[in-house]
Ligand code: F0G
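Heads up, the chain below is alone and in the form predicted on its own; it's given as structure tokens.
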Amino acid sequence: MVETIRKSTRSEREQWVMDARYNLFNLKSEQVFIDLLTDSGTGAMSDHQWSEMMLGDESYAGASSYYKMKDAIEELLGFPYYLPTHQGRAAENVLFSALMKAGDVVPGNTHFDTTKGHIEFRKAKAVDCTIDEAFDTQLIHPFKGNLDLNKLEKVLKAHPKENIPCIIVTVTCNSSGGQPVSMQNLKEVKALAEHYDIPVVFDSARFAENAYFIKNREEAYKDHSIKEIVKEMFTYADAMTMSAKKDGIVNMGGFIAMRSEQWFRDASVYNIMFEGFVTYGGMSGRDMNALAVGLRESTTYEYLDSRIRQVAYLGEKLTEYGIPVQKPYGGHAIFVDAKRFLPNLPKEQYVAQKLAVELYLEAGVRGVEIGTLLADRDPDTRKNRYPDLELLRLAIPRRVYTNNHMDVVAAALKNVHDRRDKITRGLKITREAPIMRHFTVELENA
């Protein structure tokens, strides 16, 4: 179906963003012209997915929809055990409840906000082991999501095995710009993990997009199908969490999949407590049916090629206008380098959030900050963490917008870029939550 979107006036947007306390999460959807806040749950389902919605089995226990999803997970990803959850952060909550304890250390490649939040909520510590190349937005490197093996081994050597519950590999790595992890790196991480007897868990929200980049950038896989690449990728993981709202192309849903029956039993306890019985876990039968189809559709080359080329189209437009973005272009979003865009604003004034507000004021386009607000505060000192990357993410929903919409976004950001020297004040916080503050933070002009 199509949805009417309404153009608003500059004066309307000024009032709306003020009422939202300069937090774009607080805007009403009808106040947004083009919504690039997230690609999570915002995609359009196919005719085959809608058809399966009509066949959903809503039995509380043992629904046929559960087994449709189980078959798809085993066929595509190779895991014999799985638990449905209502979304990705729920999957993290369940699995981490079974695996983690206070004092643990969890290395990975730039953990995303909910991942890090769930780790720190348990008084554990997330350690970033991403390669240094990821933090130079203008450097071309085919796999900026890769883990630095030396950094990783340093962490593994420094802590006893019982304090490292797992290594988390995010594919693609969202916080570094939707950047992929190479198959070679996945192999090497798994080999190192096995040497230290540490399990590997994939954060798999965008696994299919990662497979697309492996096919197109890793010579050994250029003749492999996406499904073949996906199947091999997951041989290097002991378990996975999945926000199915991304590469599952559904509006709500997620799951945990694993090889260990013991992990399955341990996690089942928490799944029943937090989500629901093990064969529905917070998902309706119709959504499980749609997800089983969505996983198969997202692992076709034709779909991925069209989707990722649209992301690149926006990236090329912005580059043409001289706007600094993370290169190579990511899989699900274009990430604008806010520090390069607004170099005169101090880091204490939330530069990427300021840029997001300016883009909204310009044309009603909603993006999201991936920077200091999201990085949050050090759990011990409670002082701001200032990440190496201060980014405005423009996340493109799947199968929703046309390239004409991307032209509007690019033109709007160019207009902001042309007047960037007049943007002399950033933002300051007036209210923030104790953890994962970026969702509900309130700000004002500095």
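Just count from 1 along the sequence shown to find any residue number. From a predicted model like this one, the values you see are computed outputs, not experimental measurements.
Below, we turn to the form predicted in complex with this ligand, even though it does not appear here.
Not displayed here, this ligand is approached by F112 to within 4.5 Å at the level of heavy atoms in the predicted complex.
Within this chain, A205 lines the site of this ligand in the predicted complex, having a heavy atom no more than 4.5 Å away. Looking at T137, you'd find every heavy atom of it more than 4.5 angstroms from this ligand in the predicted complex. Among heavy atoms of K246, some come within 4.5 Å of this ligand in the predicted complex.
Residue heavy atoms within 4.5 Å of this ligand in the predicted complex occur in exactly one stretch of 37 to 45, 378 to 386, 413 to 421, 63 to 71, and that stretch is 37 to 45. Proximity to this ligand in the predicted complex, defined as a heavy atom within 4.5 Å, singles out one entry of S298, N146, N174, Q353, which is N174. Proximity to this ligand in the predicted complex, taken as a non-hydrogen atom within 4.5 angstroms, holds for one residue of N185, Q87, N93, T372, which is Q87.
Residues of 390 to 408 placing a heavy atom within 4.5 Å of this ligand in the predicted complex: R393 alone.
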